[in-house]
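Just one chain is shown here, as structure tokens, and it is the form predicted on its own.
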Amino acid sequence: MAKNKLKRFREINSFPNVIQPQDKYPVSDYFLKGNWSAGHFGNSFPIILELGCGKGEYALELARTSPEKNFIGIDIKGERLWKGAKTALEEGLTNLAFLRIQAERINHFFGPDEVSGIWLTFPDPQPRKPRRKKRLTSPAFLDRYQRILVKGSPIHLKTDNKDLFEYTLEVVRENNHKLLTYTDDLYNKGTNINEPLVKEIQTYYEKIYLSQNLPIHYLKFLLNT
């Protein structure tokens, strides 16, 4: 197992679709900030992020079905990113990249009006109350997103954690963000959810949750401006 892990780390270091900044905690902005489409992808397509992307199941399928957009999967775990990045290279998905950073550092890497959508797929629910500010839907994180999102760009949350789902609904409502759609049981009650691929794409962990008959929660919202 350890040998395979080391092999993957060596491989990922050579992948052209994986960006691994040398400084894990950057104090200055990354050189591609504000210029990802032209500087990395070589086009002017809109950029969609998947935060906490894991093996990149969502980013991969979105990139396959939307060649007119660029996608970036973000995660701090290199071993997870290896799977998605390798698959993307094998399939020739030039509109997909992976960025190995902590989500807290996102504003060092993306500029104002550079991102056209964010997917949060089964993020760490941070169940302990003192760590709620670490949740990817906390007011602190929504402020980070607001600084990089094009006005009117959606944020999607998909989770098995009821507390995180209800917490996010509360944050959205208390801060007068615009709730577009939501359901506490996507596969059994979500007949009104018409978001493309939200049911068709299932992550590794999602399949485990579904096999245990756990409901999957989903919501989509816009930040107020």
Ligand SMILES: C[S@@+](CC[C@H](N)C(=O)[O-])C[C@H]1O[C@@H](n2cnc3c(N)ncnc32)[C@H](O)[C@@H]1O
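So that there is no doubt, residue numbering starts at 1 and follows the sequence shown. Just so it is clear, the structure is predicted and the values come from calculations on it, not from any experiment.
We do not show the form predicted together with the named molecule, though everything after this point is about it.
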Looking at 97 to 105, 147 to 155, 84 to 92, 110 to 118, which stretch has residues with any non-hydrogen atom within 4.5 Å of the named molecule in the model of the complex? 97 to 105
Using heavy atoms and a 4.5 Å limit, would one call Gln20 a contact residue for the named molecule in the model of the complex? no
Does the named molecule get within 4.5 angstroms of any non-hydrogen atom of Lys133 in the model of the complex? no
Do Pro46 and the named molecule share at least one heavy atom pair within 4.5 Å in the model of the complex? no
Classify Phe9 as contacting or not contacting the named molecule in the model of the complex by the rule of any non-hydrogen atom within 4.5 angstroms, answering yes or no. no
Quick one: name the residues from 159 to 187 with any non-hydrogen atom within 4.5 angstroms of the named molecule in the model of the complex. none
